[in-house]
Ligand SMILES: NC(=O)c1ccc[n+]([C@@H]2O[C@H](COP(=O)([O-])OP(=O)(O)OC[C@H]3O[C@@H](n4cnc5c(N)ncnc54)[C@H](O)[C@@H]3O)[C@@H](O)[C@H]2O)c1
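Okay, so here's just one chain, in C-alpha cells, the form predicted alone.
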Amino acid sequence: MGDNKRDKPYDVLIVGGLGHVGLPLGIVLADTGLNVCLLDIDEEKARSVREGKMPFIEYDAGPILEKALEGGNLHVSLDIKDASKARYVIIAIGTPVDEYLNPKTRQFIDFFKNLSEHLDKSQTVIVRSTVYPHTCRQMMKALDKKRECGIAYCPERIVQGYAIRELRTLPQIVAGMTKEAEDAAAELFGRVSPKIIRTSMGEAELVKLYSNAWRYIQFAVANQFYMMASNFGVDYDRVRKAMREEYERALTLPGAGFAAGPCLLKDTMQLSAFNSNNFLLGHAAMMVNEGLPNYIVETLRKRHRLSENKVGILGMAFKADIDDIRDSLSYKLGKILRFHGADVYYSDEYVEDPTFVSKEELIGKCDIIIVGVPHSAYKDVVIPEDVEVVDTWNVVSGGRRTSLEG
C-alpha cells in the first residue's frame, strides 16, 4: 500500500468521514500508519476534528485522534474533488428512508454519480453504508468506461460509541463486484480486523439488514412481553431473570425498553421493501416498539389526569451512555404526554440542550418520572418514595413502582 503514495497523496479517503461510522474508522486506519483523509460537508465538525476534539461520544477515540493528527497522517477535507486523491474511497454516508419508510436508493445512486466524476480505474470504492440490495450493482452501471473503479461492500456492524474497540475485535464481512475489488477491500480491512469473512455481494447485503432486523425483532419480543406482564400485574424483569438463571436457551432474551436510533427500524423497513412489503414479523416489531411510548402514556392516563401532573423523562439519547438523539423515542413519548396536557421536563447526562434540566431538578419538580434510556449515571439515582416511577430498564432506585395495568 505504501507504493500508492507516489501517485496519490492518500491511502484512504472516507466520504462521510466525520460521522459516527466514518470518523472512528478513519482514525483506526490512520493508527495503522495509513494516510487518511476524512471528507465531509460539516464545517463545524471539521473544525472540531482538526483541533483534536471528537464531535460526539466515541469511547477510546480521543487519544488516537490526537496521535494521528500529530503524526500528520490524518486530514480533513470539505472538497469532493479530493476523492480523486486516494487509492481507497470508503462511502460511509447515511442511507435514509422516505416518509413511507421506503429506501431512498435513487438519492444514494445520484450521490455516487456525482462522486464518480472524481474517480478513476485505479481506485477501489468500498461501501460501508447500509444499502438496499442490488445497490452496488446499480453503482457499477452508473459508471462510465473511463471511471470503472472497483466496487466492494463491507457493511458496518459496530455498536455506536464503541467502534474503536469493535473495529479491532469483530470480523469484517467483505464482498466485491469483482475479485480484484474484493481482494483490495480484504487487504485494507485486514489491517484492523482479526478476521475477514468473504461472501457474495447478495449475502453481504443481507447480512447487515438481517442483523439489524433480528435485533429489532428481539427487542419487540421483549417489549411485548413487558406489556403483557404489566397488564397481568407482574414485573417483567423478574420474570426474565427467572427464565435466564442457569437456562442457556433463554439467555438471549433482552430487557424491555425503547428500541430506537437511526438503524434498527430503518433497516427493518428496507428489508420489508425488498421483500415487496411482505415482512410480517418486521411490521409487527415496528408496531410493538414504536407503540411502547403510547402504551406507557395510556396506562398512566388510567390513574392520572395528566394535565395536572409534571412528568419528567430521564434520558433523551437513543441508547445508553451516548449523546446521539437521532430517532430517540423519548421525544415521541414527550410529545404524547404534552398532547394529553402534561407539563413535561427533559434531562440527559450527555445531550447538550438549553431546554433540558438537570436530573436533580427534574426529580425535585416531577410527580411522575419515566426513564427513557438507562445511562449508567442513573444507577446512583434515588427517587423519592412519593414520586411514581416508570422504569422499564430497572436502573433507578426508589420511587413508587405502580404496576402499569392500572
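Numbering starts at 1 and runs along the sequence shown. All values derive from a computational prediction rather than experimental measurement.
Beyond what is shown, the protein has a form predicted together with this ligand; the following relates to that form.
Undergrad: Report yes if any heavy atom of D42 sits within 4.5 Å of a heavy atom of this ligand in the predicted complex; otherwise report no.
TA: Within the cut-off, so yes.
Undergrad: Applying a 4.5 Å heavy atom distance criterion, does G94 contact this ligand in the predicted complex?
TA: Output for G94 is yes: heavy atoms within 4.5 Å of this ligand.
Undergrad: Any chance L18 has a heavy atom within 4.5 Å of this ligand in the predicted complex?
TA: Heavy-atom contact with this ligand at 4.5 Å: present for L18.
Undergrad: Is E182 one of the residues lying within 4.5 Å of this ligand in the predicted complex, judged by heavy atom distances?
TA: E182: no contact with this ligand in the predicted complex.
Undergrad: Within 4.5 Å, heavy atoms only, one stretch in 188-196, 233-241, 123-131, 286-294 touches this ligand in the predicted complex. Which?
TA: Within 4.5 Å of the partner lies stretch 123-131.
Undergrad: Report the residue, out of C263, L329, L300, V311, that has at least one non-hydrogen atom within 4.5 angstroms of this ligand in the predicted complex.
TA: None of the others qualify; the residue that does is C263.
Undergrad: Just to be sure I understand the contacts: of I336, I158, L206, A273, which is the one whose heavy atoms reach within 4.5 angstroms of this ligand in the predicted complex?
TA: After the contact test, the surviving option is I158.
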